[in-house]
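Listed next as structure tokens is one chain, alone, in the form predicted alone.
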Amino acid sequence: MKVVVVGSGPNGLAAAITLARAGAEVVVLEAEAVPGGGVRTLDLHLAEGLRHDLCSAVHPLAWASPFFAEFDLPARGVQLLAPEVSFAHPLDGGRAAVAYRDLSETAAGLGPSGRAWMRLFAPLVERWPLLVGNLLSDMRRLHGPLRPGTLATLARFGIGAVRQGGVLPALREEAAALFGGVAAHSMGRLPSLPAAGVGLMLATLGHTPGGWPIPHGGSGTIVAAMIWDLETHGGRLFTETRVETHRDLPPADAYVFDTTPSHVARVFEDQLRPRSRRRLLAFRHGAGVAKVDFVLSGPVPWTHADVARAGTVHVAGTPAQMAAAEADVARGRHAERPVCLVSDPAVADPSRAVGGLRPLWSYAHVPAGSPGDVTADVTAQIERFAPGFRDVVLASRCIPAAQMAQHNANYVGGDIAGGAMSLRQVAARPAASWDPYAVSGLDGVYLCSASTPPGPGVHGMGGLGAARSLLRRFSQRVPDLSPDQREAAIRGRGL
């Protein structure tokens, strides 16, 4: 069996690895010069020797997802460094809400609202593997055997999502701000049910042993480990190879696309039935982000000391300010004080600092397709909670939302989530179908990107799901993904 995978993001590589280990002849075609999609670490030429994470920088799902748990990145030399403070949310007046990996310490630091945080997360943290396994499934079936406590845990999650989604009373004060920053990863209105679901899962992982880790040496080490495994099992990867029409595809028994649904519709435009094409083109993209990379002469001078210990900082103000900013973006307007995400990788990985300089990774939520440079807005937001920040900035570069797709075609209009995280598109992603990975109307064509379940994130589960679907079609079993003797032999020979 020969399979062509289009796109070398983590989902495309997860599909390719799974299929190659099952014995398929696998070829991966990547449009860009550097593989990895949303997981690349590059020299942006802002300072000599300094490397920046081009897209994603912090990876709670790179150790917690079922795919990566079995694939075992640490066994393959990828060091996932988890700060003691998973994420933090600075507030005016020198205050801050801080999520430590230790749940009890977090609750104690949240004052009167700490009890509610503990009640909400303690049961979820206790059963986090069960929770994550189901939330990162194909959204059609229960993940794993039905055991005592499974439905109770999922029910707790559902009730928590309803409460934090705004239907019933939610968290208060500092706890509300802390949760809101995590929920904002959904790239949509706050509060909402999809945002609450995203926030609950990610915040739960922040209180587990793996926390919110930063890979030693940058995100690109994850992709390097995946490509090594693929090639060890006979797979081949070709960069700078664009697929615009079906004529660009080599002959194969099946095709797996780590792309947007609209890209599949364009590639097979003259082969799709009108109804199937409409279904693909009906998939909606959401709001965008504008990326700003900084070069700093020292750490960010956060007013609150524990914010400086966090691998991830949500710079967004109060819950009301966050809600107003996201509402502006949803209406197509730039927020005066946008929701920003900031990560200083040298907090967890001192090797990222070179010659006294360190990279700072950030983005701001903006309307889809915005051409605006948000460097001044992001700088002002950070300066608000870290007076003197401007004094440590030596260089910066902004990629507006309108240009995000130039280095990753899946980021349409700056939508890094691979599609709007609406209730409908969470439940039926990319469309209502029992097999969300098989492309309706195209025999042997599969979709595995963030536009499929379980959605955005560096988890590999979309690729695993598509590979499983394809292997079922050919009556083949899903292979073991853990490091095997073949890899050990190659490593032992120093190859």
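It should be emphasised that the depicted structure is a prediction, and the values quoted were computed from it without experimental measurement. Heads up: residue numbers just count along the shown sequence, starting at 1.
There is also a form predicted together with a small molecule; it is not shown, and the following applies to it.
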Among the candidates 255, 302, 361, 121, the residue which, in the model of the complex, approaches the small molecule to within 4.5 Å (heavy atoms): 361
Which residue, 445, 50, 27, 61, has a heavy atom that falls within 4.5 Å of the small molecule in the model of the complex? 61
Of the candidate stretches 41-49, 455-463, 66-74, 433-441, the one with residues having heavy atoms within 4.5 Å of the small molecule in the model of the complex is 455-463
Taking any heavy atom pair closer than or equal to 4.5 Å as contact, tell me whether residue 450 reaches the small molecule in the model of the complex. yes
Residue 56: heavy atom within 4.5 Å of the small molecule in the model of the complex? yes
Is residue 86 close to the small molecule in the model of the complex, meaning a heavy atom pair under 4.5 Å apart or at it? no
Given that the small molecule is not shown alongside this chain, does residue 381 nevertheless sit within 4.5 Å of it in the model of the complex, heavy atom to heavy atom? no
